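The data below hold one chain only, encoded as structure tokens and taken in the form predicted alone.
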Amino acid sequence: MNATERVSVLVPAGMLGAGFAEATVERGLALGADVIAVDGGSTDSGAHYLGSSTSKSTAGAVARDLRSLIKAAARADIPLIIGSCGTSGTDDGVDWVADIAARVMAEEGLDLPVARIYAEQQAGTLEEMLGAGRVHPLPPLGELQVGTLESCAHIVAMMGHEPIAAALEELGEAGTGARVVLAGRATDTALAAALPLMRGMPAGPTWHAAKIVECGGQCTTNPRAGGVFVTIDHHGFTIEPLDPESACTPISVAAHMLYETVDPFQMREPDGTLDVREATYVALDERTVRVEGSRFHTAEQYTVKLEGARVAGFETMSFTAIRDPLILADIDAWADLLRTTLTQWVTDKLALSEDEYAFDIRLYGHNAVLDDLEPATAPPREVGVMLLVNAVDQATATAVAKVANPLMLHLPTPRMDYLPSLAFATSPAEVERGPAFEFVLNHVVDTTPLEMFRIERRAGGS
């Protein structure tokens, strides 16, 4: 595609499946969008979705959003780009979203060319890269071990904009009309940056704009109101919300550089680093902001980040509620007593050693979020006690939770001369959560933009 004066990107929401008002998408098209881009995933909800290769969003919610966006892209004859499909961006996630898209297009009588970009990696291939000295740790992890790679249920590489651009070029050569790109794991910014960079927009404003719009309306005064519309040119970018009742302000836009970044002035992408230390944010009117001065420093070595998750045991959960004032007067002492007693009972009743299981007690309403960092306060009025047991198999985890059952129902403090009755949230009290996953990779690979990704083109999402 040839360089142009400006490129406009419509971001309808922070995540596919989150929903948005149809009117906001129509407004984005009326403003002259050149591309629709939306993220389909996140690691925010933990390792389960990568480890199990399942989606955080429901198929119905994804279908609803896809129907609106595919129809909009077709009417405007512009591309639709979705990244990190299926939440974690595994190959299964890409195919899951593609199958939904195919059903939607069949129902709407559309037959748009679709590109799938796969980001999942094989442990054996990564072991070869590791042996060649191409894999490096990011803090706080140390050098990667082969056994860690082999233990992962799924591993994905986080693509930059280049595979997306390559897919758009291939689809453009295949014919005219709207094009749909369904990408595996990608940087949140790559989705919005791909087309502007293809059309010759400078890297500084493009990557900065892509960072600001990555979460849709989060950079506005009303994050729940919908998405945003950004226009990138050769000197900077202009951004406004799609909801006419919302606004972008210099503070709301600049503040998004604080979101999910180690440094509020710099952010690393596979091919370099965004630098916004000299960026200026100016309100053009009550709801539109102009940003200039963003820079991008190309890295000497192109790197791609790895994400991997493995099974860290099986979990069983119990939850009880405490309203007894004598227990709440020193809830920490009661929790310590529960830990000590449960450990002893498991030894006596199940003959398990402490290295065969683990448990965590979280006191919601007291210090479950901040733990020891929680400021000292008066005794809470009520506390929810969550017990999470982890063991090598589900049966063992549940057995430990069952041993804890009478303690979480009736455990008194030494000062009490009666047996308290606490309140389980469910019956049965033990809820089997299945395999528990943990992230174990925080490493980058020295590579080239397309080496680790596979692009497949299919008509109509078939």
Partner chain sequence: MNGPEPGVAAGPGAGAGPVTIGDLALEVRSKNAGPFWVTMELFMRGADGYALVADPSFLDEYVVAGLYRVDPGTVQMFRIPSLNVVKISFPRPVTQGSLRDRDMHAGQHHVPLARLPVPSRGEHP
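Positions refer to the first chain, counted from 1. Since we're looking at a predicted model, the values are computed, not measured.
Separately, the form predicted together with the partner chain exists; it is not shown, and the next lines address it.
Contact check for E374: a heavy atom falls within 4.5 Å of the partner chain in the model of the complex. Using a 4.5 Å cutoff between non-hydrogen atoms, Y259 counts as a contact of the partner chain in the model of the complex.
Not displayed here, the partner chain is kept clear of T447 by more than 4.5 Å at the level of heavy atoms in the model of the complex. In the model of the complex, the partner chain lies within 4.5 Å of some heavy atom of E315. The stretch among 148 to 156, 88 to 96, 111 to 119, 134 to 142 whose residues place heavy atoms within 4.5 Å of the partner chain in the model of the complex is 134 to 142. Residue in contact with the partner chain in the model of the complex (any heavy atom within 4.5 Å), chosen from A166, A321, L388, A102: L388. Shown without its partner, this chain lists R310, R179, K211, H366 as candidates; in the model of the complex, only H366 has a non-hydrogen atom within 4.5 angstroms of the partner chain. Contacts with the partner chain in the model of the complex, taken as any heavy atom within 4.5 Å, map within 334 to 362 to A358, F359, D360, I361, R362.
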